[in-house]
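Below sits a lone chain in structure tokens, taken as the form predicted on its own.
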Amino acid sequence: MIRPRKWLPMPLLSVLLLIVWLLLMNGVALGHWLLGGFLAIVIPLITKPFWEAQPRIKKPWLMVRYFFRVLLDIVVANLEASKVILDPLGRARPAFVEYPLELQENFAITMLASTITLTPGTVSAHLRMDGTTLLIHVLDVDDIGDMKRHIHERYERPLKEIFEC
């Protein structure tokens, strides 16, 4: 892994910026490399004060497993949401659910909220200022307690293990 340096605070971001620049320019001329390299170094330096410190991933193999779990859940939730939307009788039971958070790290909370929003049929609507609860809108829910347990077991607990927070 590329280690951060004083002049290169976010190396992976710099590499990504350079690649995106070259793709946008649709060429690999020396001038594109030089300007892209310059921007890839300068932009992270300028924006560094605005970035929050990223937590270390303590168990990367769990992150891979989490990724595939979320991918599978997205496919299943797409099918379930389609069934609810296409129901001619319109028997959807939408609800706002206040989910109590155990996570403390901002990055882990953001990952959880993003995962919930990526899953069709659910949207993270609001995070309390004190970071204790997340308001979630659900398209169709039978049992709110069961839904909370599902989020905790499938998403929040693995994120706590991945980031050890």
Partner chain sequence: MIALYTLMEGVIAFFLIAGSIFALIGSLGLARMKDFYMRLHGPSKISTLGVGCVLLASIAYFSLLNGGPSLQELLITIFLFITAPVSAHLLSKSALHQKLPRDPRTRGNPEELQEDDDETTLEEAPQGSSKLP
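C-alpha atoms forming the largest set that superposes within 1.5 Å between two forms make up the rigid core. Numbering follows the first chain given and starts at 1. Keep in mind that what you see is a predicted model, and the values were worked out from it rather than measured.
Keep in mind that the form predicted together with the partner chain is missing from the display, and what follows is about it.
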Practice item. Can you check 100 to 108, 31 to 39, 130 to 138, 44 to 52 and let me know which stretch has heavy atoms within 4.5 Å of the partner chain in the predicted bound form? Key: 130 to 138
Check your understanding: Is residue 20 a contact residue for the partner chain in the predicted bound form, using a 4.5 Å heavy atom cut-off?
Key -> yes
Review point. Given that the partner is absent here, does residue 63 sit within 4.5 Å of the partner chain in the predicted bound form, heavy atoms only?
Key: no
Practice item. Please check if residue 69 has a heavy atom lying within 4.5 Å of any heavy atom of the partner chain in the predicted bound form. Key: no
Review point. Looking at the partner-bound form in the predicted bound form, is residue 59 within 4.5 Å of the partner chain by any heavy atom?
Key: no
Point to revise | Sequence-ordered residues of 63 to 85 touching the partner chain in the predicted bound form, heavy atom within 4.5 Å | key: 71, 74, 75, 77, 78, 79, 81, 82, 84, 85
Review point. Under a superposition restricted to the rigid core, does residue 27 display a Cα displacement of 2 angstroms or more between this form and the one not shown?
Key: yes
Practice item. Examine residue 18 after superposing the rigid core and state whether its CA is displaced by 2 Å or more between this form and the one not shown. Key: yes
